[in-house]
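One chain comes next, on its own, written out as structure tokens in the form predicted on its own.
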């Protein structure tokens, strides 16, 4: 299982905003440059972060994005769900809260469902336990050349 580039870039961009928290908005171009991420890709991610209430924006020449809440109140799970939707390792779990017809009619008779539910729960547990302030307070490992 692999998380998407949207998730990786969304978390990295939010970490940049957390490092800059309280200093005013940052433009997407500044974020893209600092993280070597495509500006166009960030343009696709930030509306989802804004809709989820994780970032706010200011228009104009000195405009940009800022964290809508303090870094200690935004966890990585919030970001992942904002850019990707519910965390579900298999499709039948994604249907649980989507209000759609289930993709699998086996339900509780399914012999493997409990494994996927445990996996989903552990992933959510880990992602929800790490906050943006944890990312900016830790020192990254030096690059080995």
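Positions refer to the first chain, counted from 1. Not measured: the values here are computed from a predicted model.
Keep in mind the form predicted in complex with the DNA is missing from the figure; the text below concerns it.
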field: 54, 88, 80, 28 - the one with a heavy atom within 4.5 Å of the DNA in the model of the complex
entry: 28
- line: Answer key: of 118, 62, 111, 33, within 4.5 Å of the DNA in the model of the complex (heavy atoms) is 62
task: May I ask you to state whether residue 131 is within 4.5 Å of the DNA in the model of the complex, using heavy atom distances?
output: no
task: Answer with yes or no whether residue 69 is in contact with the DNA in the model of the complex, where contact means some heavy atom within 4.5 Å.
output: no
- request: Any residue of 112-131 with a heavy atom within 4.5 Å of the DNA in the model of the complex counts; write them all down in order.
  value: none
